[in-house]
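Single chain ahead, written as structure tokens, the form predicted on its own.
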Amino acid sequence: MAKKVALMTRHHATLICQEARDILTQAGFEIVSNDTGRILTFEEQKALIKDVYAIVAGTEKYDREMLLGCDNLKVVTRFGVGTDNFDLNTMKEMGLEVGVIANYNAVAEFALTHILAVLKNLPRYDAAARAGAWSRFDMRELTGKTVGLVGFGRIGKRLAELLSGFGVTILAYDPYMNEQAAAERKVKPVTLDELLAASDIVSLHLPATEQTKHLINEQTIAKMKDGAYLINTSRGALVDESALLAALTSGKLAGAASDVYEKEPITADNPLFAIPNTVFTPHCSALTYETNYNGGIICAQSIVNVLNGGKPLYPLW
């Protein structure tokens, strides 16, 4: 009997390319899918994965109760990079190989887009032009600014490269700072407090953990420069939205741009949306054609690698 791979993301039909499916079928796998167009119920998900060899996971949860009893399971690949929906301790106990994809270029480009859009008040200009209004709004130039990167992993490193042509000073804080990578990109490693105090633009690139929850709060915002901008394309849990709202309302912060929120999916009554000097998008920074195509290939090849005794292309351990 062929080993099974479960494609669990509800958008797999558009996200996971035929070439990725071919890699799996040519390696002898049978593909089973979530074809409902929605996140499955606990019972539906459990039934679909109970005898599979591998899972291509979306945002659905994989806790201990979900995973126990999946005796054939050997590898879980996340169609994305966030693993806050994974019980990693249980996965380690089970001896599973766990991997993610590479979306760092797409997210870094989107972070740069957010930076430029909020500095230029782009949403307000777009709305004005569509309304036939010859309006003028406050704008700033990126050149000459200090940009602080909170997190210096793949996305932070790539954003530093993209920023290098803008004539900016780049600071970075990371609890696991790669000094050589920083030096290669002319980035200055600093403490978080130093970064907050010196940066005109603070861009967040850390995962959501117990340690990073509400990293940006009333106290840390108070340490930021007056008139600074906050950019978040990482995880909504990093920011206390009530503190951000207060800082934007008071003028402590000149603006903010976010692709992620404390509560997702977003709803139209989020009070942040009433603030004019902001840019908001619906957690879409990684959803480029290139990332989706390459992500499917990475997931498929990672599963085949594990079948052949190797590791996922982007392993967690």
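We number the residues from 1 along the sequence you see. Because the structure is a prediction, the values reported are computed rather than measured.
Keep in mind that the form predicted together with a small molecule is missing from the display, and what follows is about it.
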property: Interface segment, criterion being heavy atoms within 4.5 Å of the small molecule in the predicted bound form, picked from 33-41, 47-55, 255-263, 271-279; result: 255-263
property: Site check 212, 283 and 286: each within 4.5 Å of the small molecule in the predicted bound form by heavy atom; result: yes
property: Single option in 216, 201, 150, 98 placed near the small molecule in the predicted bound form, where near means a heavy atom within 4.5 Å; result: 150
property: Heavy atom of residue 208 within 4.5 Å of the small molecule in the predicted bound form; result: yes
property: Partner proximity in the predicted bound form: residue 107 to the small molecule, non-hydrogen atom cutoff 4.5 Å; result: yes
property: Contact test in the predicted bound form: residue 173 vs the small molecule, heavy atoms, 4.5 Å; result: yes
property: Touches the small molecule in the predicted bound form: residue 115 (any heavy atom, 4.5 Å); result: no
